[in-house]
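Only one chain is given next, in C-alpha cells, and it is the form predicted on its own.
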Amino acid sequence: MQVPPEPKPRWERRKDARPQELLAAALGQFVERGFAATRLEDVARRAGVSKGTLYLYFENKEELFKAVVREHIVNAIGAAEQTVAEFDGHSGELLRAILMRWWDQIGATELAGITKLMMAEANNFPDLAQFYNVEVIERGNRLISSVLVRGIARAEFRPHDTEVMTAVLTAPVLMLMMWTHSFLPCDMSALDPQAYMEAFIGMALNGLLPPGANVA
C-alpha cells in the first residue's frame, strides 16, 4: 500500500498568500497587544509561517506596521480620494458618503484598534508617529477638506474655515471609535453607532448648508 506524501507546511502550500496572511496576522497582533508588546515570532506563528519567512517580506517590526497601515488604511483613503474625484452630485451627499464609508471600513472594524494604538503609543515611537501623521492623518484631513472646498465652490455649503471644520468633523468620529472599542468608566454599550453617525452627519450638514437648502 502506497503511503501518501506528508502535507507540505502551510507556508509552502500557499506561497502567493504569504504577504496577505502576514499582514492579517500582524493587524490582529498589533490591535490585541499594541506595538511595543507585539513580537515578530508571534505574528509568524499566528500566520502559520516561520519567523524567517516573515523576514523575507518585512525587514523589521516597524516596516511590518507600516505595511499594515498602508494596506488597510492608506488604501481606503486612496479609494475615497478617487470617489471624490469622480463624484458629480451634491457635496452634502458626498460628505455623507465619505464619513459613513470611513466609519464602516475603519471605525466599526478591527482597524479602529490601530487608531487607539497610535494614540496610546505615538510618544514612544516618534518615527512611527511621523509616518502615521503624514500618510493617514494629513492625507485624511486633506480628503475631508477637499469635499468642503468643493461644496463652497459650488455654493452648496456656506463659506467657512475648512481647516477648522475638518477638525470639527473628524473629532466626533474618533470619539465614537474610542467609545465603541474601549472599556470606559461610562457605559456606552447602549449607544447605536449607526444612529450616532446619522445624527452627527445630519447636524453637520444642517450647519453647512445654506439657509433653506437640503440634501435628499
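Keep in mind that this is a model prediction, so the values were computed, not measured. We call the rigid core the largest set of C-alpha positions that still match within 1.5 Å between the two forms. When you see a residue number, it is the position in the sequence shown, counting from 1.
Note that the form predicted in complex with the DNA isn't included here; everything after this is about it.
Across the options 31-39, 145-153, 161-169, 65-73, residues that bring heavy atoms within 4.5 Å of the DNA in the predicted bound form belong to 31-39. In the predicted bound form, the DNA sits within 4.5 Å of a heavy atom belonging to Leu56. Taking the partner from elsewhere, Lys61 is found to have a heavy atom lying within 4.5 Å of the DNA in the predicted bound form.
None of the heavy atoms of Met177 is located within 4.5 Å of the DNA in the predicted bound form.
The DNA is not drawn, but in the predicted bound form it has a heavy atom within 4.5 Å of Val49. Taking the rigid core as fixed, one finds a CA shift for Thr38 of 2 Å or more between this form and the one not shown. When two forms of a protein are overlaid on their rigid core, residues whose CA moves 2 Å or more are considered shifted, and Leu169 is not one of them between this form and the one not shown.
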